[in-house]
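Encoded as structure tokens, the following chain is the form predicted on its own, with no partner shown.
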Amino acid sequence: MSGKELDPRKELILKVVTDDYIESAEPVGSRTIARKYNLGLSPATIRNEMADLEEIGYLKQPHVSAGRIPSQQGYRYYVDSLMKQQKLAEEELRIIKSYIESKSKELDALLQQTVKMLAQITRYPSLMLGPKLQPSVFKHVQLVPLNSYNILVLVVTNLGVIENKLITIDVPVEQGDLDRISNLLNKKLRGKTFGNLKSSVLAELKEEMAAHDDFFHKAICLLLNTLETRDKERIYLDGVINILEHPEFKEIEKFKPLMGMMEEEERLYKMLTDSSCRHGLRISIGEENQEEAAQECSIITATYNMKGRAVGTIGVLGPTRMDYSHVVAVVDFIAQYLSEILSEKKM
């Protein structure tokens, strides 16, 4: 818990101010509280309590003569001590379960659709850090000709499909040629972990393929480059445009830095890996976020597991005036259910 311990009456005032501001996006006055909430307190008493809460840093007044809104310290006290996690409706639970189960055969599709669903349910930008590639074991590669000059490379591991890459060649290719490359790759790589793909196995493959014509050499180099560069967890992002639904980001000067951050995978990666250092659910509010562009935002993340081992992070980014109760419930449930599905996958 942060800051000074509040007495029950101040806690009540802070809770209703925060709840009302989350719902309305408008500063909250004492008359509003007295009219909307049956607290058994006069407007004058409420006004005095709000003034005290402002003085000790839990509320702030954005404009002269306006009502109050929670400060960062107020939000922190709210989520730590006052907020009750919302219980998800049966319909929401059904949608989440059916969505995840329908996509559970292939890992990549499962994660893409999960982060998309999270954005749709919460109405905030949602992001996800996929499982690390290195613990995965190579199972199969398939080269699919889309036409004479374009080949889809499908790489499969024990976790499911984790990479698709389109390579373009200058010389037309026949299926028999692709089969020869596929057979060689599968023979050399099957059962290897991705952490070992940069070792002598890759050098041996390159040397063996050098004996073939230019097409084979180019194709194998492109494929190996695909495998070699995929040494970081994948970032999944959806619902970025949802941030514009919130009045805090109607001003382009506030939206631009946030948009710039979400366009840079390295910054998202750092933000999510910072979160994944702590297992379970985490709420970062305002300036608690190290990323400067996210310091007017809150980020709620949860790690998801595979057979008891944390393998990734899923989260939601929104204004500090976020519907914490609902988002926490959704993120927490999805992380737990995703963990169940991943742990049931045959490795």
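Keep in mind it's a predicted model, so treat the numbers as computed, not measured. The numbering used is simple: start at 1 and walk along the sequence shown.
One more form of this protein, predicted together with the DNA, exists but is not displayed; see below.
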I'd like to know if Met306 sits close to the DNA in the predicted bound form, meaning any non-hydrogen atom pair within 4.5 angstroms.
no
Would Ile56 sit within 4.5 Å of the DNA in the predicted bound form, counting heavy atoms only?
no
In the predicted bound form, does Gln61 have a heavy atom within 4.5 Å of the DNA?
yes
Under a 4.5 Å heavy atom criterion, is Arg47 part of the interface with the DNA in the predicted bound form?
yes
Complete contact of Gly29, Thr32 and Leu41 with the DNA in the predicted bound form (any heavy atom, 4.5 Å):
yes
Out of the stretches listed (311-319, 284-292, 298-306, 64-72), which one is close to the DNA in the predicted bound form, meaning heavy atoms within 4.5 Å?
64-72
Contacts from 108-126 to the DNA in the predicted bound form (any heavy atom within 4.5 Å), listed N to C, are none
